[in-house]
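Here's a solo chain for you in structure tokens, the form predicted alone.
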């Protein structure tokens, strides 16, 4: 089976791969919600959540490094919380003065920023585990089974499909540019123009990409409508969950509730 380079799914036979997509989606959502609700500074709860993430990653047979490297993409977004170390009131950790005024780093502010970064990192790892072990069509079917609004599921499906359309059109433009370009092997000869010229060429390519994506999207939709598409993808009903899958689902939800209660008690 051909797999697009943008598709994070990795086929395999691990226990996580074999688990029903509905169970994986429900437990992933429960884990992310639990992580977001854990109070700031509940380090014992964070350790338990991290242990769960590590266990899942080990069961996927993809290697912990695979998840760690990709999960760090969430940390730059967590930097938006960095000003909290100065704005949250609490015990002063460090203070210094400058021409603009006095800045104080509070212990509570650092605790909050670190907690937000950990929450983002852990949630991203669990989401990556779900995407890496579950094919996207199975995820869409699981969303329908969990009674997620049909319009929202249709938006997810079309967004995913047209992401690949956009990537394919971009690759065609890059191949066309490479076919019409030349490069000198002599280092003293510089190919291409100045920065302004390169920016103009890049802007033209971006506009061309947008127009070509719209045109191809219209052709794809016309083809879908000609085959009976009316806004909802019809699939065969998923089989009923087995007793073992219900047990895993119930046990996972119970663990999330217990961790959240522990965090609230220790807060």
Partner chain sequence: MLAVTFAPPVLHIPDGFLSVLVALSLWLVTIVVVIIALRRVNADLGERQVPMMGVLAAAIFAGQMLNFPVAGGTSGHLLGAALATILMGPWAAVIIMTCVIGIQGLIFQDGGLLAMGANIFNMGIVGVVITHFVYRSIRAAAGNRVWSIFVGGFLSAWLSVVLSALITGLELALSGTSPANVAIPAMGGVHILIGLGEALITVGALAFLYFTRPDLLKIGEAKPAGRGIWLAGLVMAIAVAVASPLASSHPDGLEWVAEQQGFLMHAQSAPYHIVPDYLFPGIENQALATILAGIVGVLVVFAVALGIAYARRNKNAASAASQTQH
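In this text, all values refer to a predicted model and were calculated from it rather than measured experimentally. Numbering follows the first chain given and starts at 1. Rigid core: the largest C-alpha set superposing within 1.5 Å between the two forms.
Missing here is the form predicted in complex with the partner chain; even so, the following discussion is about that form.
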166, 107, 145, 114: which sits within 4.5 Å of the partner chain in the model of the complex by any heavy atom? 166
Check for me whether the partner chain, as it appears in the model of the complex, comes within 4.5 angstroms of all of 119, 128 and 155 - heavy atoms only. yes
Any of the heavy atoms of residue 68 lying within 4.5 Å of the partner chain in the model of the complex? no
According to a 4.5 angstroms non-hydrogen atom cut-off, is residue 60 in contact with the partner chain in the model of the complex? no
Residue contact check: residue 51 to the partner chain in the model of the complex, 4.5 Å heavy atom: no
Touches the partner chain in the model of the complex: residue 43 (any heavy atom, 4.5 Å): no
Need the contact residues for 159-173: heavy atom within 4.5 Å of the partner chain in the model of the complex, sequence order, or none if there are none. 159, 160, 162, 163, 166, 167, 170, 171
Using a superposition on the rigid core, decide whether the Cα position of residue 91 changes by 2 angstroms or more between this form and the one not shown. no
Any chance the CA of residue 64 moves 2 angstroms or more between this form and the one not shown, core superposed? no
If the two forms are fitted on the core, does residue 145 show a Cα displacement reaching 2 angstroms between this form and the one not shown? no
